[in-house]
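Structure 1 and structure 2, given next as structure tokens, are two forms of the same protein chain, each shown alone.
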Structure 1
Amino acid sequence: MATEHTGTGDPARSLALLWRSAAPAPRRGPRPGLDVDRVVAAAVALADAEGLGALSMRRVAGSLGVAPMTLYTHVPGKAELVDLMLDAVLAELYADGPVTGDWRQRLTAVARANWELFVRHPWAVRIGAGRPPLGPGVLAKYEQELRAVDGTGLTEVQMDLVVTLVNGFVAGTVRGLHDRAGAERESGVTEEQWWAATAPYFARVFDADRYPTVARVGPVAGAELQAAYDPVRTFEFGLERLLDGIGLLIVG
């Protein structure tokens, strides 16, 4: 499983690819049998199906029926491909139109939309986006999310901070969801099996006198959250707390 970084390589080339504003199609030479959109779509499909760890140039090329080096005719490198993938899936957000309602409803919708996107594309949350691909998907997302907190009396800086906060919350929470799913997929061992295998040995090393609060809270939380599917419960619980806190900022 790999974490990829955005924002590498030549900015001009990357932005041209993101906005599909590269030079006009060449006039000479053989007609291409492949284009950027198809490469990106194949890569997204592979990552969706098998996770970011399965995303190799060889695998993407194989799924397109071409040689690995062929991909480099269309994208400068793997990192740039990942930029393109991320921007492509972010473009799915708010495709049905902007979020509506009062500020709380709008922020709730923003959080849920992002959550659902990362559920559809688990790999997307793994991408270190310190230098986001400034493509149409990213810009549309940022625009719609800023609008969700527009007209609330927040300053521009506060608006940006709230949007960043909600995004960070969702990303962090959905990571928990995927960490569990990823561990299962990569090991082929379900959580129940893992715990069944681990618990006997854990019981041997765990000293309730040394960790009294864990001994009290752990079994109760474990029993209840196991049933309620912990990362989702965490999301719902956390979103309420976060919105309450943001509400104090907006409403006072």
Structure 2
Amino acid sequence: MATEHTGTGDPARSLALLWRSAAPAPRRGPRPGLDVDRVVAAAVALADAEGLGALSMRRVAGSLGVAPMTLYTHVPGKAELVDLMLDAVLAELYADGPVTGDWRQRLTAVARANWELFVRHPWAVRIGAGRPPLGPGVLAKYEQELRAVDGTGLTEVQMDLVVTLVNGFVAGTVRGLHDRAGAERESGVTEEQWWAATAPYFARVFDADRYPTVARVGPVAGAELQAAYDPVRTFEFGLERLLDGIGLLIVG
């Protein structure tokens, strides 16, 4: 079975590797050619290019030019490797320092940073919501995002829930972006081509009297968005409405 979620390996081994306390003691002589960071970087590059389903210890070893068994001296298995991969890419967030501005500007920056990260690493948006690897990348992300709503008058629980709400919204909308791209990639048919091919057949079965609101709204929205669903427009529109709602909580 493919390992496509974090938190499915040995917690002790994963945490030791995430915090590098399991790294072997340095030896005298030439620096070794392979370490945990190189293994993780190669795995991330493979997942970015082909998806997490293509990831295996054998494939990673091949990309590094080593025998598969060599990897096991650095990472015990694919489950622990997936934990390391997610923590590594989350560490890319907020590389330029903490988000600044008022609370709305800070949360906007958080949402956009996460969107951009998950556009770069499509596989990462799907694997770590339930059991995030408790490594330095995850904790630094959580720290910075909590600070975005600190000092707003929210309770500690509300701060956590607001951060979770924003992250969940971003994850949902960016999945839509990747799902559409995946459908185009797998079918070889663009969104526009699919709708053009489908429209004549749909027109034969669609009953406007039965679905009058769909008949009224659908064509207008479709003409405006040039698609049935526009993930980018959904993200931009939804983020503003989400922040409006959070603002009511903060003011209240």
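Reference numbering: structure 1, starting with residue 1. Model, not experiment: these values are computed from the prediction. So that the term is clear: the rigid core is the largest set of C-alpha atoms that superpose within 1.5 Å between two forms.
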Item to check | Structure that is the form predicted in complex with another copy of the chain (1 or 2) | outcome: 1
Next on the checklist: Aligned on the rigid core, do the two forms place the Cα of P219 2 Å or more apart, comparing between structures 1 and 2?
Outcome noted: no
Checklist entry - Is A54 one of the residues whose Cα moves 2 Å or more between structures 1 and 2, with the core superposed? => result yes
Checklist entry - C-alpha of S63: shift of 2 angstroms or more between structures 1 and 2, rigid core aligned? => result yes
